[in-house]
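Let's start with one chain on its own, the form predicted alone, as structure tokens.
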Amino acid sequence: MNRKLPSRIVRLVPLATGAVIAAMLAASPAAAADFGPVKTMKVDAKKAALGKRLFFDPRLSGDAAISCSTCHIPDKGFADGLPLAKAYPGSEGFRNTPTLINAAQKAAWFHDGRIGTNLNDVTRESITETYSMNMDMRLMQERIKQDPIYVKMFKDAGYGEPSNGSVRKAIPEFLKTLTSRGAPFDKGNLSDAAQRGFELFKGKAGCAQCHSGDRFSDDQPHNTGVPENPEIWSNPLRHITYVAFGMFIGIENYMNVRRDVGAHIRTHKSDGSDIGKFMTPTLRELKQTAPYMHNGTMATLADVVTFYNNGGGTDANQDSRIKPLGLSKEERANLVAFLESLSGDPLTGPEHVWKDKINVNYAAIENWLQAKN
């Protein structure tokens, strides 16, 4: 490919602001003292309950075939267990579905970090983008206005009548409830192997340079040389999704690109030195969210540890800190044991999952042309 990708970017989606990016890039890795349980967030219970129903409602997609929970499955740690994500019918995704657990506390969203902390913007893009849920929010608003349960829930939540703006507030309120809990690491219940792995994590293995803080992420983009997933380019449905994304986001020469440029779309350096950078993922709930990496190319945690032990992949832009680690077989097993200790209780109960059937066979509104909300 032409590594001199765009000298300019057409920003057609809300990117992280320059100030946010600068602050994130200037941030230093958290000290070991920052490791600990993820802080719970203040939540409005009625707004979160509304957001939960919306999250599991397929009527928020254009053809009412998929919901947010189609790709963010509670039993899979609010990921989907697939190497590459599904997408709106007629297309397929080109990246791995990340967990939504603790995601409301992220500094930047999506693997490329193109949207900052405004969950309203994240929700809007996820619902309206053609290859995700392909929904016109004006149509979505009219759909939910027909549902008497929503009419009551929106009113009880203090939003008044159902509106697309309130949907973009309610779903993020639900996401705030998805907080890790019960992990052995948080309970101080590490096995001897996991404790040795933690020392390696902070020291010899160097993981804490990027995986810092209570979510074990510095919320910054790095290039570790993860190999491309050839399925993206050999499967026409995945390739056309990337082409659509590239056209919309402003990637120069997008028809001929054969790699995921990652965070280049937000920093767009003219020399292409930012190509192949991706946001540091959280290490929370890894036991629930395999396979790994932004493109799902690694099936197990042992594969991931081996990848880094070997010095990462091969990429001209690879971070200079990625070097062979020289970990023994036992040390690698200890590191895996530590990573597994960061997974807690599955969030699969009624607090986090809409268990009731969403009935769409409600009575039609009489004289709807004259109806007033």
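Residue numbers here begin at 1 and follow the sequence given. No experiment lies behind these values; they were computed from the predicted model shown.
Heads up, the form predicted in complex with heme C (HEC) isn't pictured, but that's what we're talking about next.
- Interface residue remark: M293 is counted as part of the site for heme C (HEC) in the predicted complex, having a heavy atom within 4.5 Å.
- Remark: I322 counts among the residues lining heme C (HEC) in the predicted complex, judged by a heavy atom distance of 4.5 Å or less.
- Heme C (HEC) is not drawn, but in the predicted complex it has a heavy atom within 4.5 Å of V304.
- In the predicted complex, heme C (HEC) sits beyond 4.5 Å of every heavy atom of T348.
- Proximity to heme C (HEC) in the predicted complex holds for all of H72, P98 and I127, with the criterion being a heavy atom within 4.5 Å.
- Heavy atoms within 4.5 Å of heme C (HEC) in the predicted complex belong, among the stretches 102 to 110, 149 to 157, 248 to 256, 179 to 187, to residues of 102 to 110.
- Distance criterion of 4.5 Å from any heavy atom to heme C (HEC) in the predicted complex singles out C210 from the list I232, V261, A194, C210.
- Think of it this way: in the predicted complex, heme C (HEC) has a heavy atom of just one of L119, M135, I144, I275 within 4.5 Å, and the residue is L119.
- Taking a 4.5 Å heavy atom cutoff to heme C (HEC) in the predicted complex, the contacting residues in 251 to 282 are F278, M279, T280, P281, T282.
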